[in-house]
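Here's a solo chain for you in structure tokens, the form predicted on its own.
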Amino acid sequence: MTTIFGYPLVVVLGQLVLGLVNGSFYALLSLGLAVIFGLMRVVNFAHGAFYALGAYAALVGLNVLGVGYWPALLLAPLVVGALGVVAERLLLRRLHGLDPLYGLLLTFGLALAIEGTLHQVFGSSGESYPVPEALRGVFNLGFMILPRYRAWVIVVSLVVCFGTWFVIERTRLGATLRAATENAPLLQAFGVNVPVLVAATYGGGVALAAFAGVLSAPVILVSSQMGSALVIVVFAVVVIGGMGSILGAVVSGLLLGLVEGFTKVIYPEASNIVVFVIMALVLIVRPHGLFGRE
């Protein structure tokens, strides 16, 4: 039997695939953080709360309004993204030009308010969301049985992540967004409504978090605290990829998911800290991240 570091190849491959599923969530959430920081210079600590809000929007839509999974993939991010626009217009805009620390503290308070509200309304016990009928069943990969839904998570995450990267880095809209961060007064002189552009950027970033929340709802229990622990890992992923680097966030999220999966095979006790160990090493060797700019 073929082995890697003394472990059966089938076991290693199975954990790598499961790690890729986790990496898909890391990439999606890191992407939203990178978009907001790269274009607004705001460290959005409320990202995990918006992730949970997206999952609850899908759950309420199903249980109360009868909105199924497929419409929820579109509607939940739109609703949460609209809430993000409101938060930017009413709160974050007042901090423009101030030290980024104020934005971090404000979004941290916003996260506590959202999570506290979800806890009061829905309680502390998690709720399950059913896997859509079209994605039930499994794929037999030979070395493991992979649920169809987890395969769907990998595919749709890759499409959304690299689609977002293409829009920001390779289109006129993306060029306009980047110009708004580098020279907003000049862009406004050309007739572009920069404040609306900034609000839309924040709304788009939190909509990506909500989309990840809807994707995760059939995989994990939906709870008010579901984003709290995950967002710490995602911040580490963003730091490793380079703060503000869209491609760095996506690639680092996927790779670190694979590394985490591999670590669960060879040294399970370290799987919860391997991301932070890598972050520390990257900060020592390359403080601006693997894909970031000095």
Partner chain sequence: MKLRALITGLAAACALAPTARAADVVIGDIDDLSGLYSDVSGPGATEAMKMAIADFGGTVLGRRIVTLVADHQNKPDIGASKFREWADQNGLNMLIGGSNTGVNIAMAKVAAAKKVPFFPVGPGGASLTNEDCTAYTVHYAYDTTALANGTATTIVKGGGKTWFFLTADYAFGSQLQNAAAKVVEANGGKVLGAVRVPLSASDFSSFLLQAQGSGAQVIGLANAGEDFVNSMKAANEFGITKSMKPAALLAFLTNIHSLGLETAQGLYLTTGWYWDLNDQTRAFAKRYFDKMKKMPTMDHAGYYSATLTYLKAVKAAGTTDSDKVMAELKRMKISDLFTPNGYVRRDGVMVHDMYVMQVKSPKESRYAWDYYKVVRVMPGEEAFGPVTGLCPLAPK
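Positions refer to the first chain, counted from 1. None of the values given here were measured: they were computed from a predicted structure.
Absent from the display: the form predicted in complex with the partner chain. The rest refers to it.
Note that among 136-144, 70-78, 161-169, 190-198, the stretch whose heavy atoms approach the partner chain to within 4.5 Å in the predicted bound form is 136-144. In terms of contact with the partner chain in the predicted bound form, the residue from 57, 255, 39, 265 that brings a heavy atom within 4.5 Å is 265. A heavy atom within 4.5 Å of the partner chain in the predicted bound form is found for one listed residue only; from 154, 184, 220, 83, this is 220.
With a 4.5 Å cutoff on heavy atoms, residue 119 counts as touching the partner chain in the predicted bound form.
Remark: residue 132 does not count among the residues lining the partner chain in the predicted bound form, judged by a heavy atom distance of 4.5 Å or less. The partner chain in the predicted bound form is approached by residue 126, whose closest heavy atom lies within 4.5 angstroms of it. Applying a 4.5 Å heavy atom cutoff to the partner chain in the predicted bound form picks out no residue from 37-60.
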